[in-house]
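Below you'll find only one chain, the form predicted alone, shown as structure tokens.
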């Protein structure tokens, strides 16, 4: 059976990867310290359809409202979409071409490809939308050539793909989007799952409405490290102590006590100039109304705030949401999810890879 036949045996591939929150350790993980990350029950869904070989053509469509076609490396949009989505599509196409090359898909001898992207994960909020996209697309392309790559290989290749979007990615985001659940990540040891029961708790995730640039925030921390090495080392030591206490709380099933450690972690990030008035205001609203603890999640400078709440604290939740509504802020609740990357082919029910 030739390679073309293998490609068309599965006409439709669906892959699903979760979003994530960094509970502890953003930026510190860049410098070798461990982070605590969790997948959430919001997902990025990638559907890949192949049609018989006609021309070298890739069509990308998203629930965000854009659609574009790349034919012989020339990008075209429906009328009126060029300015709004051009940069986003260019970046997505760069990732697609990278993965096709490294996975070994030659469109000239294979087929035309239609990629539909359907995401529940807000863009630019530090919630792993780009990582979930890279993980789900990597898995879909491997399956398109009947290569049932395991999660380790998919994760590794998706990290390389995400470097096109964020050259300084640590690999933490793609790891949690691949494997799901709760885990620790550091550059030396990679990802390791941690068992903990968060079933009585909810994460309230609030969009600050301020866009953030991950690269700029990483550069900001790097400047502090270089210009104030003693201060930076002191902050790292404080973070290491917080992280050890977090592990102790998890071990002793004292989930509620993690809230205060979230607050302390945010203080360190604020000292690294990663917060701003609106982020601080959101955190003050949550904590003053009875949240267990709150912090920015992701690169900072904007993006999202995560706040830990007990599911039975109905009045606390009501009061927080009332005040957030007065600021016209977007938010949603999330659970720490156990499901990582899943796939379905030929419209069969999804399953864990």
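All of these numbers come straight from a predicted model, not from anything done at the bench. Residue numbers count along the first chain shown, from 1.
Keep in mind the form predicted together with ligand MEV is missing from the figure; the text below concerns it.
- Only one segment in the set 62 to 70, 43 to 51, 27 to 35, 281 to 289 has any non-hydrogen atom within 4.5 angstroms of ligand MEV in the predicted complex, and it is 27 to 35.
- The closest non-hydrogen atom of residue 302 lies beyond 4.5 Å of ligand MEV in the predicted complex.
- Remark: residue 183 does not count among the residues lining ligand MEV in the predicted complex, judged by a heavy atom distance of 4.5 Å or less.
- Although the partner is absent from this view, residue 259 stays clear of ligand MEV in the predicted complex, with no non-hydrogen atom inside 4.5 angstroms.
- A residue is said to contact a partner when one of its heavy atoms sits within 4.5 Å of a partner heavy atom; residue 169 meets this definition for ligand MEV in the predicted complex.
- Between ligand MEV and the residues 208, 275, 119, 214, the one pair within 4.5 Å by heavy atoms in the predicted complex involves 214.
- Checked against ligand MEV in the predicted complex, the candidates 89, 96, 218, 250 yield a single residue with a heavy atom inside 4.5 Å, and that residue is 218.
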